[in-house]
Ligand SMILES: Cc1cc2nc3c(=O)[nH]c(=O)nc-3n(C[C@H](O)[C@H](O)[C@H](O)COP(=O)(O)OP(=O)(O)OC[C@H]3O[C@@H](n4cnc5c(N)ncnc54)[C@H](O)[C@@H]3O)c2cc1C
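Just one chain follows, in the form predicted alone, and it is written as structure tokens.
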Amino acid sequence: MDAVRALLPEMQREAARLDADAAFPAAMFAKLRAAGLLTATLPAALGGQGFGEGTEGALALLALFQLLGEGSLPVARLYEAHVNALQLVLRYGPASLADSCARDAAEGALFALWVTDPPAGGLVLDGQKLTGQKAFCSGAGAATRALVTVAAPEGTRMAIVNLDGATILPQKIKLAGMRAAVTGAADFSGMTLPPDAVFGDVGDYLREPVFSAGAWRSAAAALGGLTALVKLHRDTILHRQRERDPHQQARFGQLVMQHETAKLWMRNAALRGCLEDDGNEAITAYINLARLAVEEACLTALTLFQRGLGLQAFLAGGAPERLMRDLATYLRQPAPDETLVKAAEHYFAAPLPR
């Protein structure tokens, strides 16, 4: 944690260049590797530090994602995919696959999570052979392993693939923000998977509570982006010597309120997601509400930020404009309306969150 905290200024300084070049943060990930982050969430038996295990581990992982999100949302996004992939292997995969993935991570492998099929030509598994593509692949060309979902004859399965054999394609759709996450596409046609690469039962990837509960990590990174936004707003107003303006004071007070609201939701969401000490439906409903509460706090904060800074917030290439683009893009998680309705349905029939 101290190593990551020490890297924050450098992470923030290089963000502008990486955004302009749409370049992968290779130097930063080399330093995060050296700090032990690629194995931090593994259990001690597999060479990790148990981030995410128990109450202390859950709060440590929350703090880690918040720090990374404050430093760079693209870095946090790439790291969250790495953590997600490893946790799915640990939960649903055989011990042999967990061992090999842990060794890969210890040797510096960065895992990706690529589960979106293009409208045509999605990834298909026939025997051990793959054909087809994945779209919206964060870390394309930089990650060395990926967890992918594949259409097998019996249904959707998960697989770990070595990306040496994949063809990385440019993404036809260009995103306004999160450029340093280097989102592209990948073609796996012609690859043959080893026998233990395909794992889990049919439908495990979407199985609750893990599928929805894992969203707390992305929301924690967004909270880090909100932290960066609030600090940048404060520093800018102080630099302008406008901190005694009552309108600026009111806006900043509201910003702090939104940040604290998101932080309180995320503390409980991290504990529920990691400890799984409630029923599946209750965990899923709470974390979905937490995700939406953080989104709402961030969207409100973006409006306050823009009004407080004025046109400076929209100067192309400036830190405020880049941070707004990254945060607004990162917040676009799928199906927010459906998520809210399902959570509401749960609490109509169950006690309110404790």
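From a predicted model like this one, the values you see are computed outputs, not experimental measurements. Position 1 is the first residue in the sequence shown; the rest follow in order.
What follows is about the form predicted in complex with the named molecule, which we do not show.
**Q** Between Q306, T39, T300, T329, only one gets a heavy atom within 4.5 angstroms of the named molecule in the model of the complex; which residue is that?
**A** Comparing distances to the named molecule in the model of the complex, the residue within 4.5 Å is T329.
**Q** Go through H233, R77, R217, R272 and name the one with a heavy atom inside 4.5 Å of the named molecule in the model of the complex.
**A** That would be R77.
**Q** Given the stretches 89 to 97, 170 to 178, 208 to 216, 264 to 272, which is the single one in contact with the named molecule in the model of the complex, using a heavy atom cutoff of 4.5 Å?
**A** It is 170 to 178 that comes within 4.5 Å of the partner.
**Q** Report whether the minimum heavy atom distance between V115 and the named molecule in the model of the complex is within 4.5 Å.
**A** Yes, contact at 4.5 Å.
**Q** Verify the contact flag for A20: yes if a non-hydrogen atom of it lies within 4.5 Å of a non-hydrogen atom of the named molecule in the model of the complex, no if not.
**A** Answer no; every heavy atom of A20 is more than 4.5 Å from the named molecule in the model of the complex.
**Q** Contact between P336 and the named molecule in the model of the complex at 4.5 Å, heavy atoms?
**A** So P336 counts as contacting the named molecule.
**Q** With the partner left out of view, is F136 within 4.5 angstroms of the named molecule in the model of the complex by any non-hydrogen atom?
**A** So F136 counts as contacting the named molecule.
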